[in-house]
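A single chain comes next, written as structure tokens; it is the form predicted alone.
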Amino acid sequence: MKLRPLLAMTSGFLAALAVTTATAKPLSQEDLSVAEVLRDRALESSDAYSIVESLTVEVGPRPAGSEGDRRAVAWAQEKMKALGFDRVYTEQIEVPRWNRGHAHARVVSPFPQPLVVSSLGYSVGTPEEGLTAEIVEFADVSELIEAPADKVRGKIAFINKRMERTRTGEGYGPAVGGRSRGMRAAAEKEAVALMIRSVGTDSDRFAHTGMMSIDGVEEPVPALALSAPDANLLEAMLERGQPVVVNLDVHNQRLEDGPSFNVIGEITGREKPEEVMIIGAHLDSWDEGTGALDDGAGVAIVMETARMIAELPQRPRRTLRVILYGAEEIGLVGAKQYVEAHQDELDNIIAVSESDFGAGKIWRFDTRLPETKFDIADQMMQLLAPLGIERGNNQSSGGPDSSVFVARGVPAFGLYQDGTDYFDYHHTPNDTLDKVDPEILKQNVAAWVVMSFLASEMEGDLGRVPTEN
């Protein structure tokens, strides 16, 4: 049964409730009742899985500015039109571009054997003939930064920082510094290359790629991630007290900057179309897998959320805008350029939220609201709690791209997934469709459609939140 007939069956009930909407609460009982119908319908038959299946099969990997990225932009526009969005359009952004070549590594001595590695994003290559040098180990990036240059000069710096597995993903922050800042530190101390233990929680022999800081580095050096078992191997070799010498053969290509796009679809508000609730995900991915978890699932969740709201008998009070951001993986480029281009319109954005943490079950609802607006979140929780979701804190960034809006004072909602195994697959060849559970996606959509509809339909607004600046 389609959603429209289902809601028509409830119209008499909702009409009867309309006389009771005069209330001190910001969300009327009628709004909550519609959101409840949407939630239950999502649990029965939302079809986010078919969207992520389409993206991964028909497009696949989509690094920023690549041919796959261009196919993804065309795919997203056609899909939004097919799903019933009122308006679909793109906004061009400029992105740095890079092609991955090959990356090979092997221990030359004292115990010759191959290593599994992956170039970090935008890494330079080695000389054509490769390079061979001794490994010098550091516990984390801070130790490398503080090391005397003569300890590093002419060697391959090896950052051996393990990532802690957590439900929230909070182990990522302490570990990712080696990836983001390690090459810069290695280059400044005249290392010939950088290798890091992959920023991940798995024990598979896959390396995790990802972006690093490259701006302003005058003489960058090759930068590679090691699979966890190979990082263990190097660690064990070093413990034997002998110099460990490694050969690297890496070929990558930095290209001229070029265009990519934010893809935007809207369900136009019936009363306040100029006021906007933004929900988003990022369309780009790394090239090693098919980007099913990062962030194909998020793309599917927010697109399906909007589709279900579009099938209501009437449009929500204000506009629901879905932004599929470009070039998130290389530094939130699409979000930053969007906010810069639309800074005069930020006061009309009621709130932002983003799905970008895989395809796990949503278990927590965070916010970033003025304290005077907490009652709105409390009312939303009435419908989220039956989904197994608990109330979190008021420190949400809304997601990586959404954080750019939050820094300008825009309120945010955060629906957080269970990330216990997310970093097993993150930025690896193993980020593929088989890791996505269709039934769990339904629970995600059920939560997102509650939050998105109520934020779009509510009478008042959410004010502004203090910024750190």
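When you see a residue number, it is the position in the sequence shown, counting from 1. In this text the structure is predicted, and so the values were computed from the model without any measurement.
One more form of this protein should be noted, the form predicted together with another copy of the chain, which is absent from this view; the next part is about it.
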Check, residue by residue, if Asn252, His342 and Leu346 all come within 4.5 Å of another copy of the chain in the predicted complex, counting heavy atoms only.
no
TL;DR on 387 to 395, 133 to 141, 226 to 234, 366 to 374: the one with heavy atoms within 4.5 Å of another copy of the chain in the predicted complex is 226 to 234
Quick one: from Thr420, Ser33, Ser403, Thr432, grab the residue that has a heavy atom within 4.5 Å of another copy of the chain in the predicted complex.
Thr432
Heavy atom within 4.5 Å of another copy of the chain in the predicted complex: which of Pro26, Gly409, Pro438, Gly60?
Gly60
May I ask you to state whether Glu288 is within 4.5 Å of another copy of the chain in the predicted complex, using heavy atom distances?
yes
Does any heavy atom of Thr56 come within 4.5 Å of a heavy atom of another copy of the chain in the predicted complex?
yes
Any chance Gln113 has a heavy atom within 4.5 Å of another copy of the chain in the predicted complex?
yes
Should Ser203 be counted as a contact of another copy of the chain in the predicted complex, where contact means heavy atoms within 4.5 Å?
yes
